[in-house]
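Only one chain is given next, in structure tokens, and it is the form predicted on its own.
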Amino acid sequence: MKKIIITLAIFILASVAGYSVINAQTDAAEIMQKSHMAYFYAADDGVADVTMKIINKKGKERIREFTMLRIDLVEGGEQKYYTYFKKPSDVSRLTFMVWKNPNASDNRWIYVPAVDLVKQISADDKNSSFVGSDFTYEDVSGRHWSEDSHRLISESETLDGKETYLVSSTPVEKYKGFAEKKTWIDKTSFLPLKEEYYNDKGKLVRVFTSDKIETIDGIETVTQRTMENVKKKQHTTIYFNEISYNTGLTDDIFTERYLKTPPRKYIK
């Protein structure tokens, strides 16, 4: 009888432990989904005037100014991005466009005005530097949460006085961008406050931070964000100077026609 009781106790404890692991994994995925929605799917569309500062290890600064448009076709699913560069002269009129599809590879195009050429960017280039910055093309439009497996490391982390979830993410399939990513997510807004990217040797290679968060049209928004390249000892900071949500953007703007001729209603 004693052996039976012990066996039952072990079985119950194992079941509870197994449930806890499954539950933690589910919670981590749900947290990352909410974070992705808060960060990349705010409102139905958005227009922003942006300044990007690229600062190398010697403190030398390069500045990019551009306008970014976004439309969500499916909440949490298909969406499109359009980025038009204004300054400096070497990137002026350069245009970058993304059609995101969580169920397939993203389609990306870039228009290079100097040679009047529209070029499609291959899937292998999504981890390339975005116009010479420390952000990649994928950083700009986002990596869908379903492409990674997520594990909740802690739900009692505090960062800059804010309570956060700490989640570890690893790619489901072979991926060049990172081997592991750790994300600190604000428990209230679900915005990512910090991300650490590690390579396959466990070495920290990049660090993302949300430097400033403001309420725009009732939506918590990261209006200043930085990506640090640890190896190169340089960083890029992006400032969202003006942001408007639910502006009435239409799908036809996100086509090759407007890569060469920007929609002047939104880009001035």
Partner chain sequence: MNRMIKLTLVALTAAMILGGGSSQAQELYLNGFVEGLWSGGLDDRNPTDRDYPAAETRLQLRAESYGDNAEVFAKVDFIQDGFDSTSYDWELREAYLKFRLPIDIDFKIGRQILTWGTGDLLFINDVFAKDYQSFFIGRQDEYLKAPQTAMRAEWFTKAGTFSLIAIPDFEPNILPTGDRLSFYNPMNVDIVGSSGYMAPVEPDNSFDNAEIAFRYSRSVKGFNVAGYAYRGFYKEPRAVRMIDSTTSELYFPRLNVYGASLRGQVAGGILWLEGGYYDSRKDQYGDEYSIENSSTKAFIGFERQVASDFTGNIQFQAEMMSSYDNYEKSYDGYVAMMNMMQPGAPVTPKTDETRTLITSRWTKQLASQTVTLSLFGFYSPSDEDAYIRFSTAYKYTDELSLMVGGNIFEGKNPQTMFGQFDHNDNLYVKVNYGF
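Numbering follows the first chain given and starts at 1. Rigid core: the largest C-alpha set superposing within 1.5 Å between the two forms. Here the structure is a predicted model, which means the values were calculated and not measured.
Keep in mind that the form predicted in complex with the partner chain is missing from the display, and what follows is about it.
Should the three residues 157, 182 and 200 be counted as contacting the partner chain in the model of the complex, with contact defined as a heavy atom within 4.5 Å for each?
Checked in the model of the complex: no contact with the partner chain for any of the three.
Tell me, please, which stretch of 238-246, 202-210, 59-67, 38-46 lies within 4.5 angstroms of the partner chain in the model of the complex when heavy atoms are compared?
The contacting stretch here is 59-67.
Looking at the partner-bound form in the model of the complex, is residue 71 within 4.5 Å of the partner chain by any heavy atom?
Close contact is absent here: in the model of the complex, residue 71 is far from the partner chain, nothing within 4.5 Å, heavy atoms only.
Whether residue 256 contacts the partner chain in the model of the complex should be assessed with a 4.5 Å heavy atom distance threshold; does it?
Contact with the partner chain, yes.
Under a 4.5 Å heavy atom criterion, is residue 152 part of the interface with the partner chain in the model of the complex?
Residue 152 lies outside the contact set for the partner chain.
Taking any heavy atom pair closer than or equal to 4.5 Å as contact, tell me whether residue 131 reaches the partner chain in the model of the complex.
Contact check for residue 131: yes, within 4.5 Å of the partner chain in the model of the complex.
I need to confirm a contact call. Of 106, 196, 148, 139, which residue comes within 4.5 Å of the partner chain in the model of the complex, counting heavy atoms only?
So the residue touching the partner chain in the model of the complex, by this definition, is 106.
I need to confirm a contact call. Of 51, 33, 224, 234, which residue comes within 4.5 Å of the partner chain in the model of the complex, counting heavy atoms only?
Among 51, 33, 224, 234, a heavy atom within 4.5 Å of the partner chain in the model of the complex occurs only for 234.
With the partner left out here, which residues of 72-101 have a non-hydrogen atom within 4.5 Å of the partner chain in the model of the complex?
Stretch hits, in order: 84, 88, 89, 90, 92, 93.
Using a superposition on the rigid core, decide whether the Cα position of residue 249 changes by 2 angstroms or more between this form and the one not shown.
Stays below the 2 Å threshold, so no.
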